[in-house]
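Only one chain is included here, represented as structure tokens and corresponding to the form predicted alone.
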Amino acid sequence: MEMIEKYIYAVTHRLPQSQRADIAMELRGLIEDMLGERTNGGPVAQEDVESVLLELGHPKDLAEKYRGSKRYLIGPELFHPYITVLKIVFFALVVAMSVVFIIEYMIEPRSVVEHIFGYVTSVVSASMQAFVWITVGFAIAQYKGVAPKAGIAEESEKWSPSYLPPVPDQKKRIKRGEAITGIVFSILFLVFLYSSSHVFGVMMFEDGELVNVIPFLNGERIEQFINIIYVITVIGILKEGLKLIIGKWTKKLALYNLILNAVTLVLVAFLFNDQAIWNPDFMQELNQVSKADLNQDTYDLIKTIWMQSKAWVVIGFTIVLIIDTVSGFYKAYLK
């Protein structure tokens, strides 16, 4: 009957394409069996069909049962860590940009109105971008089923204490402070590079007041690589977000951690091995200061540190990421 086909369609079009044909066949057979029981093999009236379909329930609810879970953009299992990550990122952005604002104001105190306007717009713009990217990341995690299972047969009306999952080993648990620190570091990395051309570098003081900053990095080159910097930051937040969500070291999380750290290392090496990213006039600008305040030995020492620091940035990242990766696998395989 037409009403039956309409009901089957209303259920199956809410399901993945690959499941629709099989579930339509199963549902049609179920409805025929229910009608047979109701009429004892006699003629089927419109009222019988309506009664059976009402007994099966709303098509949306039946589709959710076939699908096995309700559809959420961000489900209850992920909502709390989602809000936590948003708060941490927003807090870190405000703190980091406030530091930048203070340094810029000290260098150029006359343009305080312009600095305040730039500060507010930067915080709002960065917060909006962070909100979008974090929401997209958690939505993907929800779609891929990254949310940890409670270990309880939630679909079942029956429940028993025996369904409770085991308590994770203390050594495998991931402290929230570790993940929060990682997220804050990712934000500082972004703000540091984004503002490096005019804020972060060797600070020059005159009569006790900050008058200039010799930047470490080349601002124009940073602008060209800004998308790579965004990707590194998003990967860092994603990695720490996974730790917050799962809450303990597992083999799967250790593997995710390895992949994300490997991608991060490749991007960092690509970024900092480009010599054009460093301020090409750094030593020349510093040389002007050395003639007035620094002796030759001190100047040569600074020059050596400057040249070696370019390599040590990548080496430092490599050591930290290797320690993080090995530590993750070690804790995941602890018995």
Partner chain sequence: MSNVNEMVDKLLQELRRGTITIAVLSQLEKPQYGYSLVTILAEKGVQVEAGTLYPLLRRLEKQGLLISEWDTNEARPRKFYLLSALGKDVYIKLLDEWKKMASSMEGLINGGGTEHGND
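Please read these numbers as outputs of a predicted model, since none were measured by experiment. Rigid core (definition): largest C-alpha set, two forms, superposition within 1.5 Å. Residue numbers count along the first chain shown, from 1.
Although not depicted, the form predicted in complex with its partner chain is the subject of the following passage.
Stretch 58 to 66 is the contacting one of 276 to 284, 299 to 307, 58 to 66, 262 to 270, since its residues have non-hydrogen atoms within 4.5 Å of its partner chain in the model of the complex.
Among L321, V313, I23, A10, the residue placing a heavy atom within 4.5 Å of its partner chain in the model of the complex is I23. Contact between G42 and its partner chain in the model of the complex is not found at the 4.5 Å heavy atom cutoff. Though the partner is left out of this view, V49 does not reach within 4.5 Å of its partner chain in the model of the complex, counting heavy atoms only. For the partner-free chain shown, nothing in 173 to 195 comes within 4.5 angstroms of its partner chain in the model of the complex, judged by any non-hydrogen atom. Relative to the superposed core, D274 undergoes a C-alpha shift smaller than 2 Å between the shown form and the other one.
Core-superposed comparison between the shown form and the other one: CA of P16 displaced by 2 Å or more.
Fitting the two forms on the rigid core leaves the C-alpha of R28 displaced by at least 2 angstroms between the shown form and the other one.
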